[in-house]
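Shown next as structure tokens: one chain only, the form predicted alone.
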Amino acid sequence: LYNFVLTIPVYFSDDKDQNICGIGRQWLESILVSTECNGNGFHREMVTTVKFSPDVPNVLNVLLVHKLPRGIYVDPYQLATLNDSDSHLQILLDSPINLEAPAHRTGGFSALLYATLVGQRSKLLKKSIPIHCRYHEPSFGDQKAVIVNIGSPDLLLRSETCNDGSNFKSYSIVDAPCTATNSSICSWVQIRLNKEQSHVSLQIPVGDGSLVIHVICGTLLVTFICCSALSLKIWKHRVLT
């Protein structure tokens, strides 16, 4: 039902770093990042695409940091399956995930997506992860849905031929885990993104709070009827002695 696409150009303002460690300034400026959420209901697919120019370095490590709001969660067990099936995509979560908690009882978290581009012909990096919408508090007014915004990811790059982040003096250098195993820390070059269109939006339905009493009464009535019918069957067939 909903399919949102976000395309983000990358901008640099310093002309001094024309080519450092095999990564050129013009090449960095040509990178395009897009994010879209496919599907409908409470189970969606978040697809992130990074488009590079043809002269990609031989080996380039890419880290996409998605800062997801409290209305969204990912299933760590489902992600573990993806990690096993795709050797070029590894995912690290910065905090434990409660799969059962509603949105108002949880907080946001970050999902770190690691990928590796190998070979000069790699121009397009497209990775997807399943996301799930949390239940929200019921509405006691006319509100039928809530809007949850997913911000654009932070894009971090690291070249295998350059281990000294100080070479990129005019760019932001951040420390982050080298891999999804979180066993060591590396320096990454953070790409500055245009924030004019900085999120995609998901519309999530909410319950009608005015029907709470009706639902409770109906649930109790059905429970009583089922228990009574089961008790009659047990007594009739002398299941218990």
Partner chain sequence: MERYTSWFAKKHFLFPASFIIRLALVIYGDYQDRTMEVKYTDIDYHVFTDAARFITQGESPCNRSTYRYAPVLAWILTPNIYLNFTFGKILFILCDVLTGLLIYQYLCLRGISSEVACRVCSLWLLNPLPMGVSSRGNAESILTALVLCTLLCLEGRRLTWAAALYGLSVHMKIYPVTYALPIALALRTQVTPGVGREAVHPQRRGWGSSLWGFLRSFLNGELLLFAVVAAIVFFGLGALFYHMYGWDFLHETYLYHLTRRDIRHNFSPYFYMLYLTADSEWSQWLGLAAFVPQLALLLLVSWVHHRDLALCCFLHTAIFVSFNKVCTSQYFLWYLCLLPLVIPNLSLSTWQGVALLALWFTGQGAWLGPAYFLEFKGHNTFLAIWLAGLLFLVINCFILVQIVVHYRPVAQAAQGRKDK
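Here the rigid core means the biggest group of C-alpha atoms that line up within 1.5 Å when the two forms are laid on top of each other. Numbering follows the first chain given and starts at 1. Bear in mind the structure is a predicted one, so any value in this text is a computation, not a measurement.
Beyond the structure shown, there is the form predicted together with the partner chain, which is absent from this document and is the topic of what follows.
- Heavy atoms within 4.5 Å of the partner chain in the predicted bound form are found in exactly one of 181 to 189, 207 to 215, 60 to 68, 46 to 54, that being 207 to 215.
- For the candidate spot formed by Gly41, Glu100 and Leu220, every residue has a non-hydrogen atom within 4.5 angstroms of the partner chain in the predicted bound form.
- In the predicted bound form, the partner chain sits beyond 4.5 Å of every heavy atom of Asp94.
- Remark: Pro138 counts among the residues lining the partner chain in the predicted bound form, judged by a heavy atom distance of 4.5 Å or less.
- Contact check for His104: a heavy atom falls within 4.5 Å of the partner chain in the predicted bound form.
- Looking at Lys126, you'd find every heavy atom of it more than 4.5 angstroms from the partner chain in the predicted bound form.
- Taking a 4.5 Å heavy atom cutoff to the partner chain in the predicted bound form, the one contacting residue in 65 to 79 is Tyr77.
- Asn38: CA moves less than 2 Å between this form and the one not shown after rigid-core fitting.
- Annotation for Ser183: C-alpha shift under 2 angstroms between this form and the one not shown, rigid core superposed.
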